[in-house]
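Consider the single chain below, provided in structure tokens and representing the form predicted on its own.
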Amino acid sequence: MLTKLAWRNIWRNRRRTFITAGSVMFAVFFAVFLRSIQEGTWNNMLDNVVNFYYGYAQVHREGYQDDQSIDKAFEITDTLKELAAIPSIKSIVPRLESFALASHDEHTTGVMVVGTQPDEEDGMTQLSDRLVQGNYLDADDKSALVGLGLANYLKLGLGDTIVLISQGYHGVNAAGKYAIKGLLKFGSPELNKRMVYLALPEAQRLYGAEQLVTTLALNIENKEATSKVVSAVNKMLGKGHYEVLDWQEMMPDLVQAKELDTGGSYLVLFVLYIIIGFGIFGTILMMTEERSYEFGILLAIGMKRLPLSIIVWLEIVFIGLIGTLAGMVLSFPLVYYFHINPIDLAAMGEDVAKTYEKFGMEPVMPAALDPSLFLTQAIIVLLITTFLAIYPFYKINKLDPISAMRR
């Protein structure tokens, strides 16, 4: 009965209901949009760095993460090949990775050389989709793919020759000349400026590391299953010979930067929630004061204070539910638009774009289209509204019916 009365009451004064629900609606709208932009920007960066190169988990020789030397290369044993049978692992991508000095004409810079099996690499990172010029590698190619930023710095074009000089396996000399077969463009500016890809056999020949690799990148079907996959691989390989790391362990700086940024966004949201709370409380206060005469009449004719307080509390909760649902519906088109059409920060000026590139981030801000973002913010705002709806309990408990009816 109380619930039915509360529902009917909120439609007695539609203007007041719409004003209160509107304040809740805009609170949900701004909270959802702010979180979706922040989450979307980081998801985009993680995809650019993790999904387009590192993968969500890798297997190395023990100690390789701390000392990334080609001397820690290893041979792919039968046990390592059996890792592909673990559920959630689609394939295993073997790589031989090392650093080199790259030069062309009078330009020289340090690069990351990745020897990989082209088909397996493409199956995990969709590397061929990164091509902006030229053709993709074949399994026995003796040419190279380079990042577009690196090509621009070295003044390289298709068909030009890049010279690589480094130290190979156990100190052998490593030097080679490779024709440029294709140019790659990554979302991460840092990858654009550093990456050189060779077919795995050619990279092994260059570094004198025949049949050896430094990394096995695990192509995992669902990133949410990464921790389970890492546990299963560790169990199969045992301890003492190999290390199995997920992307968070491989890139702790990136994780810390995300946590710091997320903490900052929570602080901004906290301030926003305070503003939202004051706005909603002001509306509740106005609504309660406007109805003092009504409450006085009801108390004077014998209605108990507790049922009356519960009815008013339920009214505010119902209005809060209407506002949160409306806020979710209102925010979805905007979030969806910026999910499909990210905010291009480069359009705001070259300085803004360069600032993002210094941190290895693509200067775009897409919105995350994650249902949990909508639901979480809606629940938080609804809880704030529900808590503030306790005020009418206090007001009605202290209300003097005679004084209220004289107003």
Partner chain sequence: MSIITTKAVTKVYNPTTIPVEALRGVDLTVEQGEFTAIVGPSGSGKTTLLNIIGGLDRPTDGYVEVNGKDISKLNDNRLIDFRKDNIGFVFQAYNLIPVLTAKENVEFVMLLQKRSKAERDARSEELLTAVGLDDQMDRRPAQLSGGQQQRVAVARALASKPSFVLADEPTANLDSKSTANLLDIMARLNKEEGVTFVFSTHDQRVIDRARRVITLVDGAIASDERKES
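Numbering follows the first chain given and starts at 1. Quick caveat, the model's predicted, so the values are computed rather than measured. What we label the rigid core is the largest C-alpha set whose atoms superpose within 1.5 Å from one form to the other.
Same protein, other form: the form predicted together with the partner chain, not shown, and the subject of what follows.
None of P87, P333, G302, G238 but one reaches within 4.5 angstroms of the partner chain in the predicted complex through a heavy atom, and that residue is G302.
Though the partner is left out of this view, T386 does not reach within 4.5 Å of the partner chain in the predicted complex, counting heavy atoms only. Mapping the unseen interface onto this chain, Y266 falls outside it, with no heavy atom inside 4.5 Å of the partner chain in the predicted complex.
Contact check for Y293: a non-hydrogen atom falls within 4.5 Å of the partner chain in the predicted complex. Of the heavy atoms in R15, none are within 4.5 Å of the partner chain in the predicted complex. In plain terms, the part of the chain that comes close to the partner chain in the predicted complex, with a heavy atom within 4.5 Å, is 294 to 302 out of 255 to 263, 294 to 302, 96 to 104, 316 to 324. Contact residues in stretch 3 to 23 (any heavy atom within 4.5 Å of the partner chain, taken in the predicted complex) are K4, L5, R8, N9, R12. Once you line up the core between the shown form and the other one, the Cα of L254 stays within less than 2 Å of where it was. The Cα shift for A100 between the shown form and the other one, taken after rigid core superposition, is smaller than 2 angstroms. Core-superposed comparison between the shown form and the other one: the CA of E290 exceeds or equals a 2 Å shift.
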